[in-house]
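In the block that follows, a single chain appears as structure tokens, in the form predicted alone.
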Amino acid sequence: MKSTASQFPQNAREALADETLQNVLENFADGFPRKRAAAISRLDEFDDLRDAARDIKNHVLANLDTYLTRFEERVLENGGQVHWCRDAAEACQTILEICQAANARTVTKSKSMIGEEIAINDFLERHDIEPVETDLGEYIIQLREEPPSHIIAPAIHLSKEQVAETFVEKHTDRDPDRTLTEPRVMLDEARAELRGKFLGADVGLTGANMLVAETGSIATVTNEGNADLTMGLPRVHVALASIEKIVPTLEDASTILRVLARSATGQEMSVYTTFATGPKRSDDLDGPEQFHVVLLDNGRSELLGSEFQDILRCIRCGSCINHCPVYSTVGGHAYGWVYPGPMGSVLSPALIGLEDAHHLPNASTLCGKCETVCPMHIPLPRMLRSWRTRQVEQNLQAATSRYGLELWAFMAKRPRLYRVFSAMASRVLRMMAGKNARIRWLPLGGGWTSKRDMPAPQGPTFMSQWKQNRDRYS
């Protein structure tokens, strides 16, 4: 996926002006958070599970080479193959060679953010191989030639009416005057369109929520069962996963699964949780004849031992995205690359470079909600601040921000001047707010006040209150 992360300010302005998107996001903002809260309220040991899941991933990251090697050994014992890929180009070429060896013309795919990261669909199409997305949301956006806007709900930015229009436009062999107003009717139509693709595919390409070193298995988690059909029906199954997805044992995988669905969609468990271990055996009735695992680094190993290592604990639940006030205002496409929201604002600069993604660490209020709801206790605000520090060190921030910080630093080094200025600014802001104590226009703050009011300062400044109380009680 080509990055437009450097255009985040422009992308955000366009998103704010998109009335349809704003209506969709208004409905989105309450759904997943409410369901998550209800799900964890029914599980008293949820916080203990979070601690255990964090510790599992920390242990893995400290011993990553050991567990990856063990995983490869088990896959080979089970009759599969493991392919180690340093970057997106190697991963794409490896998958292409597997497809070409199978004389594949069609590849069915289940949802995979790693697939988006390496732009595998575009790559296969350039080599005359048709990739078919089978997750409903991914199928819809593939028809529309759009990237996903959320890591677990890729078409969350679309209204029901937009989906209906897309089906009428793209499913040209059906009655153009048919009624597509009910979600179930649209679902049945998509299922009918995809059924033949499942049966005719030469290769199935899935992601992997986890890799289990103990057994050489991959774990997939879906609510539609499309991953099971993708890996079970074609002659060849290719699982694409990044190296940090490894866990030591099946028991460790079950611990993480208990926090994954609750954090993501508010379910106790996803509808389909499947462990696949190698190709079919001689006495199996079905399954793939070949089983390949493509392990992708693509910059992850450089994060090990760095101040950003904790992001490698991410299990892609999307909870930080679901609770982010910035995401719920501008949506996922504004971020300009594969991973939106707080986790994307930390991960994207590491994978595509801070020069391209330097706006993203600033796309946060640093309210801390993302860390609070993260099932892996990832300190996202701290890492966002670390990227901001690097941004300043590399002189990548906007001129207005740079000069503003320099002015603030000048004032902060002169306490008397700072106190005088802050007291004056507080009085001016209260005058601007008027009787309702809300500021609707602010010089140099139009990005804030164009969409929301700003509360006026209340009472004297902190320093003046502190001095008054000190003199009173001394």
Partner chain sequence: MTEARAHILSKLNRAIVREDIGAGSVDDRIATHNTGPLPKRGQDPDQAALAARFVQESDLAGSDIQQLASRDDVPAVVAAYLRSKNLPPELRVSSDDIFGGVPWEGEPGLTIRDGVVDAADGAALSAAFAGVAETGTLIMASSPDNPAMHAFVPLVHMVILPESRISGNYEAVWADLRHQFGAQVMPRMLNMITGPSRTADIEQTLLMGAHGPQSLLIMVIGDL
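Numbering follows the first chain given and starts at 1. Note that the coordinates shown come from a computational prediction; the quantities given were computed from them, not determined experimentally.
Below, we turn to the form predicted together with the partner chain, even though it does not appear here.
A single residue from the set A208, V330, I243, I151 has any heavy atom within 4.5 angstroms of the partner chain in the predicted complex; that residue is I243. Site annotation in the predicted complex: the residue of M186, L143, I129, A88 reaching within 4.5 Å of the partner chain with a heavy atom is M186. Residue contact with the partner chain in the predicted complex: E165 places no heavy atom within 4.5 Å of it. A residue is said to contact a partner when one of its heavy atoms sits within 4.5 Å of a partner heavy atom; G353 fails this definition for the partner chain in the predicted complex, lying far away. Mapping the unseen interface onto this chain, R70 counts among the residues with a heavy atom inside 4.5 Å of the partner chain in the predicted complex.
For the chain shown alone, L64 is a contact residue for the partner chain in the predicted complex, at least one non-hydrogen atom being within 4.5 angstroms.
Judged by heavy atoms within 4.5 Å of the partner chain in the predicted complex, the contact stretch among the candidates 336-344, 374-382, 353-361, 78-86 is 78-86. Contact annotation for the candidate site: N58, G225 and E268 all lie close to the partner chain in the predicted complex (heavy atom within 4.5 Å). Looking at 268-291, the residues that come within 4.5 Å of the partner chain in the predicted complex, counting any heavy atom, are E268, M269, S270, V271, Y272, T273, T274, F275, A276, T277, G278, P279, K280, R281, D283, D284, L285, D286, G287, P288.
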